[in-house]
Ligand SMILES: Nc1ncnc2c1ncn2[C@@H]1O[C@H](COP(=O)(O)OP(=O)(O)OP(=O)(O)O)[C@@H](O)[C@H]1O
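Coming up is one lone chain in structure tokens, specifically the form predicted on its own.
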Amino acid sequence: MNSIDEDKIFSSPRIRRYEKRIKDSELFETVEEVFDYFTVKSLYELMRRRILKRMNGVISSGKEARVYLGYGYNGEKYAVKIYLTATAEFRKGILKYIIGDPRFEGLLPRDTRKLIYLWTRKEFRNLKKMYENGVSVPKPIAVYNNVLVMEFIGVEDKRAPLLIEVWDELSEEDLLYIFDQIIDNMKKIYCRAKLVHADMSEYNVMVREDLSIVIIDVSQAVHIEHPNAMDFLDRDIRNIHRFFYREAGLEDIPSVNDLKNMVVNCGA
């Protein structure tokens, strides 16, 4: 579909009514900030493609994005991540994760909105690569402009908690089990997916009821050939070591250097 056709379609009374219906809804707390005209267009396209049927309230909120509970046409539950309009600070912050990544060489747009679209596609691509290589991440479903649809991780309509939210309720044995899972997934990210998460911490690990983990927020993940990949990996490992050693009090875990060797040598 060319841009002229899109302009005709999305300026139609039907879309205008749809946009108004979304903005009039009481389900959304940050309507003006998130649901601008272009976001409404993107949501409508995902509904037209029969990926999304309807959306519910916010399940997670941050400076850069909101995550909503969505539903598919067969009753599937999805996490629908919508990136906000970028600020100059956000633009500056994400460039270091794009520039130097061989997968995006020559693709850096000057337009801020198009940069957010690229960032959203980057997260989808990272999720897909990780998921296909056995990393425990939400299954990616679809991406369109600044909207990312992925598997919902949680029970009923409540998302699974983050590690930072539940760690102090867990036993030492439970924490060691979670620690081992994180390191195992870091190996898979590096050795199989050929990526570095670049923002690994207790804030980006979900914990299911059975204590299995799910790694989230992978938009900043870079290819291992990125010039700063090893610096990002060092930071990831130090973050995880710091949390489990200092905060959770696990004194018998491997050192930072040993953990790094385990990851880059693929456990050898």
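Note that residue numbering begins at 1 and tracks the sequence as displayed. For clarity, every value in this text was computed on a predicted model and none was experimentally measured.
Not on display, but discussed next: the form predicted together with this ligand.
Picking from 213-221, 36-44, 49-57, 232-240 the stretch near this ligand in the predicted bound form, with a 4.5 Å limit on heavy atoms, gives 213-221.
Across the proposed site, Val67, Pro138 and Asn204 without exception bring a heavy atom within 4.5 Å of this ligand in the predicted bound form. Contact with this ligand in the predicted bound form, defined as a heavy atom within 4.5 Å, holds for exactly one of Leu175, Ala142, Ile98, Leu162, namely Leu162.
Of the residues Cys191, Ala79, Leu115, Ile183, just one reaches this ligand in the predicted bound form with a heavy atom at 4.5 Å or closer; this is Ala79. For the chain shown alone, Leu195 is not a contact residue for this ligand in the predicted bound form, no non-hydrogen atom being within 4.5 angstroms. Remark: Ile153 counts among the residues lining this ligand in the predicted bound form, judged by a heavy atom distance of 4.5 Å or less.
Of the heavy atoms in Pro227, none are within 4.5 Å of this ligand in the predicted bound form.
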